[in-house]
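In structure tokens, one chain follows: the form predicted alone.
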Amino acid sequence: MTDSVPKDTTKLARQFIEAIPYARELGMNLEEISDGRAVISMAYNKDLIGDPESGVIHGGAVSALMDTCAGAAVMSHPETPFSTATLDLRIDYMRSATPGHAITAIAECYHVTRTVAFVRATTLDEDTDRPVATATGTFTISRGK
């Protein structure tokens, strides 16, 4: 008896991201996904501003982008799940994203156990030498029967 279901992980992860209503509302765009790595961008949107004086995007939108990208990385990993959910996501905000510019999250699922996947993520804007935020997270693994 096997504890996993053969699947096209990339196709499933892409469908998952594209079906999430909040991802659509935030303007997330899946740029790349394969073998435990995902890249998702989010265009600058005045509706997401957290500080009206500076025009900086709210940290909650950055957090949602990183969580979604990390989950996509887990789902695209060759050894992982039919589905996943966030157990823990620790985000370090390094600086404000530059107003008027898109931000991009890059996530890598670097280790998988029977029940948990481990992920690192970085969010960048046009200044790719200085991250906007970094994150580490753990995600559940739900294997199909």
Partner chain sequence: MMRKRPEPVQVIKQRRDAALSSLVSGVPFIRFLGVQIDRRGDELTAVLPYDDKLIGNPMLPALHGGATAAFLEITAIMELAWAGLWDDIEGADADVHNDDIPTPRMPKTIDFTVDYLRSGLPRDAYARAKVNRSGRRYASVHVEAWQDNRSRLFAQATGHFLMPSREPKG
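From a predicted model like this one, the values you see are computed outputs, not experimental measurements. Positions refer to the first chain, counted from 1.
Separately, the form predicted in complex with its partner chain exists; it is not shown, and the next lines address it.
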| item | value |
| --- | --- |
| Three-residue site Y22, I49 and G60 fully in contact with its partner chain in the predicted bound form at 4.5 Å by heavy atom | yes |
| Its partner chain: the contacting residue among I33, V112, L26, I103 in the predicted bound form [heavy atom, 4.5 Å] | L26 |
| Distance check, Y93 to its partner chain in the predicted bound form, heavy atom within 4.5 Å | yes |
| Residue contact check: T98 to its partner chain in the predicted bound form, 4.5 Å heavy atom | no |
| 4.5 angstroms heavy atom contact with its partner chain in the predicted bound form for F118 | no |
| T68 within 4.5 Å of its partner chain in the predicted bound form, heavy atoms | yes |
